[in-house]
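Below you'll find only one chain, the form predicted alone, shown as structure tokens.
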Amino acid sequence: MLSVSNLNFQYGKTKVLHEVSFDIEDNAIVSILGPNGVGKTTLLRCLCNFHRPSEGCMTIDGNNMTDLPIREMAKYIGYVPQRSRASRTTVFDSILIGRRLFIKWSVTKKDIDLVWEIMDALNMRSLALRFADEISGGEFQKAQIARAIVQEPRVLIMDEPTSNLDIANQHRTMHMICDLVRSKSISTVMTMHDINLAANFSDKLLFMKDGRIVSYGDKWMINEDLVKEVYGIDVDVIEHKGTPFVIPRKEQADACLSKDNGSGRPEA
């Protein structure tokens, strides 16, 4: 459905993505993992046509993505950035903006019903008349996700969708997102930092290092050697309730504390 082949991208003379290739199936949830600065967000922005790759090909349903006009591209791709500025509009209206591609002369009952449907699925109905710039960061992030989903894209792309959420709301939100995108047959690509969270909610994981794909497959490819190669730390990987679970070894925490110059506090 979505195919990326030999993708290269550079900022000026600095090459960021190197020969990136992978395929995403219909209705699949894929998480992109790796340390900061390895090209995860850059890859997402290439998939959205915000960046034009220097080499390689990206297709969706057989269409070359770099050739698609902006409005046509928006029918295929819905994007949720990690950070976005809230406007002085109600939460309902900010989500309704996601329907702008389909609104001709006026908003229809279908547009309104779909917004309510998605808000209910994400447990957001009580926020409908609140101003978007007055809600919490986590609530605003959910509003951004809702706006992308009402766009009815073929692929939902999210940059760190749980970055503003505490651990309880991370799991609640991921459950709601996964249930919703599966019910709508929307494929999902998202960057994540938490390997354990990604393993719990993803069909496939894509590990990156230095702008290259190190490994791409299901959660059972996670092992101590892979985590060491990608993140440079020693961990134990155990199976917990049918899912691999990554536990950093004690010496890793001790190594971090050793940087505090003996003060007993990690450096800022």
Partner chain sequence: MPRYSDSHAAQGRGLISLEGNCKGGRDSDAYLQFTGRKVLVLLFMGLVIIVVSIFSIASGVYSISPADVIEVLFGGGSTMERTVVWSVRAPRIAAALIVGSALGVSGTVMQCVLKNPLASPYTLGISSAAAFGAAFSLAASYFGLFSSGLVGEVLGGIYGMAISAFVWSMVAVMVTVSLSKLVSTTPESMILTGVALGAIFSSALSSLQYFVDDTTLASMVYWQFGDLSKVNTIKLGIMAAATLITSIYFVHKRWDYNAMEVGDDVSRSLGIDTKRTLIFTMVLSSGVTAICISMVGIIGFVGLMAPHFMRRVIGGDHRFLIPGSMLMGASILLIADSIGRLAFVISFPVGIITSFLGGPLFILILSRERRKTEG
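As the structure is a prediction and not an experimental result, all values here were calculated from the model. Residue numbers count along the first chain shown, from 1.
Absent from the display: the form predicted in complex with the partner chain. The rest refers to it.
- Of the candidate stretches 31-39, 65-73, 209-217, 232-240, only 65-73 has residues whose heavy atoms lie within 4.5 Å of the partner chain in the predicted complex.
- The listed set E55, D203, E224, D61 contains one residue whose heavy atoms approach the partner chain in the predicted complex to within 4.5 Å, identified as D203.
- At a distance threshold of 4.5 angstroms between non-hydrogen atoms, I135 is out of contact with the partner chain in the predicted complex.
- The partner chain in the predicted complex comes within 4.5 Å of no heavy atom belonging to I186.
- K142 falls outside the set of residues with a heavy atom inside 4.5 Å of the partner chain in the predicted complex.
- Proximity of D194 to the partner chain in the predicted complex: non-hydrogen atoms within 4.5 Å are absent; the residue sits far from the partner.
- Annotation for 124-156: interface residues with the partner chain in the predicted complex are R125, L129, F131, Q144, R147, Q151 [heavy atom within 4.5 Å].
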